[in-house]
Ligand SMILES: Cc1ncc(COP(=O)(O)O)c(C=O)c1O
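A lone chain, given as structure tokens: the form predicted on its own.
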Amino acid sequence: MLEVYGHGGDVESAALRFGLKPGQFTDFSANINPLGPPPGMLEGLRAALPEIIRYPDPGHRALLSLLAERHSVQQAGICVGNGAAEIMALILLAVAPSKVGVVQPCFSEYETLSRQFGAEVHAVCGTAELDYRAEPEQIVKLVASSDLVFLGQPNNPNGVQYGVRQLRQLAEAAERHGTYFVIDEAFIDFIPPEQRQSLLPELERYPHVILVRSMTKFYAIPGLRLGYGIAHPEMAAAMRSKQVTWSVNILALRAGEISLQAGEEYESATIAAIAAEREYLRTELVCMGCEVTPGEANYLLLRLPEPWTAGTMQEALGRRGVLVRSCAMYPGLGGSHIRVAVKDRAANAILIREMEQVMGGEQG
């Protein structure tokens, strides 16, 4: 298993395992925009390099202003962090829950962070028949018995959304029970705006709902770490009160500002490219005998045909310089599940070619 630290994108561990240099891999284990950063990003960061001699703005004011304008919310209701993972940590610190609920299979940090901060973790599990969604009634019961519940939207690793009506049902349950309902929207920007299922436009109705967003995936800046939470102003203030001063560095802040000023052309091109390439990958993978979950994000969850397992496929592809994410360790999934990122056509063609070759030959 390559996920030594529990996540994909670990090319350093892969380099040690397979004897290649980190830059020699085609990495499908991390879900990053294949178009790369927005135009002007590298030039803007180079221009900002002289600013590293001073501290970053601890109030994140320029970025907050742009985010508030983008989402039509108050600046007081936004908390900027060092990646979405820090936002989740700040939520847990602010709420201090004793019991946390998670909807599996899901992003491992929900459980990992919760246990790190001393909470008991309880779960409900999605089913294959629902594309690994859980029944809303199950989640309502989880909300009723928890202090805080995490839900991926679209969920990782299966890439599916819950409908707005279902989200409202869960948010209303959270309000009735005084439970904080954390909706992780880290990948929602990859979905066309008219197809996004989000409570953002009606967030004022639900003081216990917190939205988590990432800027590292869509804008292809994972090495800089940048994310934010949108919540009731009192909750956002509680989160900020737990934050280490200057946790977001000056280049990350500048990258966020450049990203939000990138314009509709970059965003539309990304969404169109992901939709086209996701369908290309899905079609080719099905032809190879894989069962593919019909996700909407920039990755696909698939179950390999027998006798392949996540481990044997990861090993065979890794030796060929291609990395995929094993999902064998996700509760609710099986030993033959892997996740692959949606990349550009040239990279996607490499994945299909290499998988066809290893599946047509010896596993070793």
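Everything numeric in this text was worked out from a predicted model, so none of it was measured. Position 1 is the first residue in the sequence shown; the rest follow in order.
Here the subject shifts to the form predicted together with the ligand, a form of this protein not shown in this document.
Residue contact check for V140: none of its heavy atoms lie within 4.5 Å of the ligand in the model of the complex. The ligand in the model of the complex is approached by T216, whose closest heavy atom lies within 4.5 angstroms of it.
Residue contact check for G77: none of its heavy atoms lie within 4.5 Å of the ligand in the model of the complex. Interface membership of M88, defined by any non-hydrogen atom within 4.5 Å of the ligand in the model of the complex, is confirmed. For the residues I210, I274, L226, V149, the 4.5 Å heavy atom test against the ligand in the model of the complex is passed only by L226. Checking Y206, Y162, Y180, F187 for any heavy atom within 4.5 Å of the ligand in the model of the complex turns up a single hit: F187. From the list 192 to 200, 93 to 101, 236 to 244, 218 to 226, the contact stretch for the ligand in the model of the complex under a 4.5 Å heavy atom rule is 218 to 226. Heavy atoms closer than or equal to 4.5 Å to the ligand in the model of the complex belong, across 100 to 129, to the residues F107, Y110, ordered by sequence position.
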